[in-house]
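Presented below, as structure tokens, is a lone chain in the form predicted alone.
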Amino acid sequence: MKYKTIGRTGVQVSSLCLGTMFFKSYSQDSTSRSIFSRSLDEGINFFDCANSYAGGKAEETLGQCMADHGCRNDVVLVSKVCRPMGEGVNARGLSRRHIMQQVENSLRRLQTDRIDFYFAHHYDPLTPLEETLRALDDLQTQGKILYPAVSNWSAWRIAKALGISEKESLARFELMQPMYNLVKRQAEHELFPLAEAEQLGVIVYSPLGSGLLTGLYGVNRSPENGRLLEPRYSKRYSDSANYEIADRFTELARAKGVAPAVLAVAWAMSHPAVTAPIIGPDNLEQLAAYVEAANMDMSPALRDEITALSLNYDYGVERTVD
């Protein structure tokens, strides 16, 4: 396994980040534990979660996995706050009140005294940036989080937050998390250049396009079951051009003698701004494919050839932030 440094933090993480959204939602506990254990064996030390995944149960499962292996000090842990965690009007967002409540709940579920990177999961239009940033700074001072981070924000809002942090001497965002894959390349326009200019780490989610780039989908091809068939994801990738790109990509992958899923992840992680893609295997076989991708040498020529498959697509049509 290769390792990279997150921005300017000095923290070394594996070139794959295991996403745990599937814990308690897409997989049984035994499967989750097996995937976690195998990930450690493969050298993965980077784990992404959120308080909202499976209503908090994903954090509980991840916390128990770490406790069972006694590996908390060996892993870099990510969690998030913003999404609704109850029916009340204040059970969501990035207010000081909600952040302070939710970090305690996450720490308890994760069975740890600190979260390495704590994400503002979405943008909260009701809360001033200064309040959110000061709450995160206070958590860093208290040692409950080590670094603030940000997910699903537009580049200009992240830049504004960085400016406020600099002006007010507050802990700044050190890691961002956008969507990125061959058919969703909006991050290349502003987010990646911002990350490189400001020395932010980048972990990208959905490198397979919710399954679109696995070789199972195309203009006239679809399995009977799959994440992409769920309403949330089918809407995200509903444009017919996405399936045309998937067909061309699958054909190229097979011509190269590489499984489409392996090639898709290798392509996403080869962008120079990307620290690691977030992977979400449902089983050990899928995990093995991701590990193969991490060990694959993506030449500039091959990356260009893959990139050209979607160069004519208008990435500005759909906004995936805020």
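One-based numbering along the sequence shown. The structure presented is a predicted model; accordingly, all values stated were derived computationally and were not measured.
What comes next is about the form predicted together with a small molecule, which is not displayed.
With the partner omitted here, the residue from Ile35, Ile44, Ile279, Ala293 that has a non-hydrogen atom within 4.5 angstroms of the small molecule in the predicted bound form is Ile279. Only one of Gly93, Gly201, Pro148, Pro207 comes within 4.5 Å of the small molecule in the predicted bound form through a heavy atom, and that residue is Pro207.
Just one listed stretch, out of 64-72, 268-276, 293-301, 45-53, contacts the small molecule in the predicted bound form at the 4.5 Å heavy atom level, and that stretch is 45-53. Although the partner is absent from this view, Ala253 stays clear of the small molecule in the predicted bound form, with no non-hydrogen atom inside 4.5 angstroms.
Residue contact check for Arg227: one or more of its heavy atoms lie within 4.5 Å of the small molecule in the predicted bound form. Looking at Thr20, you'd find a heavy atom of it within 4.5 angstroms of the small molecule in the predicted bound form. The small molecule in the predicted bound form is approached by Lys80, whose closest heavy atom lies within 4.5 angstroms of it.
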